[in-house]
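Here you get one chain, nothing else, as structure tokens; it is the form predicted alone.
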Amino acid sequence: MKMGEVELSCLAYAKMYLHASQFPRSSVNGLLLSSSPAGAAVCITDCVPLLHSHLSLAPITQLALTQVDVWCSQTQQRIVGYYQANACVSDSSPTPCALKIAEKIFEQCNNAVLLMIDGEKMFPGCRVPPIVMYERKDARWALKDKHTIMLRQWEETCSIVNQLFSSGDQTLLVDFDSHLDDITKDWTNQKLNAKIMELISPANGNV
């Protein structure tokens, strides 16, 4: 991968999509993670779904960021970005809350990305990923050139997401909000991750 390129894994994309689909009338957000070392390119390997209510509530966001940061350091991962889907499907522009959290992540990761989910393109069979990505350029968040964003095996990824829906597995997704309501729920989503990885293996011939 070259300088400035971003690769989004099937696992990260599937979980973001399930999160936005699980709460279609709410704004949702989460953190983008990478298990590859810091370098010129960003490989987003996983994500942590955070909230589906009170996105701008700073104390909850701070608590989530701290806990995810600790977990990342224990699992050799790092926070490389932020994602958000707005409640209004026709609006995929970053909110002040999105910019604020992305800014916080940028302080720790100088090639952090801000990813907005485009609700209007979130339908089965969509030929392009329903995402809009921003990068930090000249002290502001600017739209990223879509030729630098890679989602390999897009058709297989869509097929995996459809399989998760048809088997009702979107209900396995736990965000940090749900964990705060019931602390026995696992916000690291190990169960769902295993399920997705199981579907990825035959699709790609490798994990």
Partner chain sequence: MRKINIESTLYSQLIIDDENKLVIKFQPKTNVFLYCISEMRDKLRKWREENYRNSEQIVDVGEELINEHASKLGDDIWIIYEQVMIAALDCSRDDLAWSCLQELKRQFPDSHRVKRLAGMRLEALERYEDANKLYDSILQDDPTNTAARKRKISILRAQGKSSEAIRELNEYLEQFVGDQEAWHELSELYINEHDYAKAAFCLEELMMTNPHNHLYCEQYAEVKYTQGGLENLELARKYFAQALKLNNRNMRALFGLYMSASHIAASPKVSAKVKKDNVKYAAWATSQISRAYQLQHLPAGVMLTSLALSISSKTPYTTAASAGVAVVIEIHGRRQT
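In this text, all values refer to a predicted model and were calculated from it rather than measured experimentally. Residue numbers count along the first chain shown, from 1.
Just so it is clear, the following notes concern the form predicted in complex with the partner chain, a form of the same protein that is not shown.
Contact with the partner chain in the predicted bound form for residue 169, defined as at least one heavy atom pair within 4.5 Å: yes or no? No - in the predicted bound form, heavy atoms of residue 169 and the partner chain never come within 4.5 Å of each other.
Distance check, residue 46 to the partner chain in the predicted bound form, heavy atom within 4.5 Å: It does not: once the partner chain is placed as it appears in the predicted bound form, residue 46 has no heavy atom within 4.5 Å of it.
If you check in the predicted bound form, is residue 105 within 4.5 Å of the partner chain, heavy atoms only? Yes - in the predicted bound form, heavy atoms of residue 105 and the partner chain come within 4.5 Å of each other.
How about residue 110 - does it come within 4.5 Å of the partner chain in the predicted bound form, if we only consider non-hydrogen atoms? It does not: once the partner chain is placed as it appears in the predicted bound form, residue 110 has no heavy atom within 4.5 Å of it.
Given that the partner chain is left out here, which of 41, 143, 150, 57 has a heavy atom within 4.5 Å of it in the predicted bound form? Checked against the cut-off, the match is 57.
Within 4.5 Å of the partner chain in the predicted bound form, do 25, 97 and 188 each have at least one heavy atom? All of them do, each having a heavy atom within 4.5 Å of the partner.
Within 4.5 Å of the partner chain in the predicted bound form, counting any non-hydrogen atom, which residues from 59-89 show up? Contacting residues: 59, 60, 62, 63, 65, 66, 67, 69, 70, 74, 79, 88.
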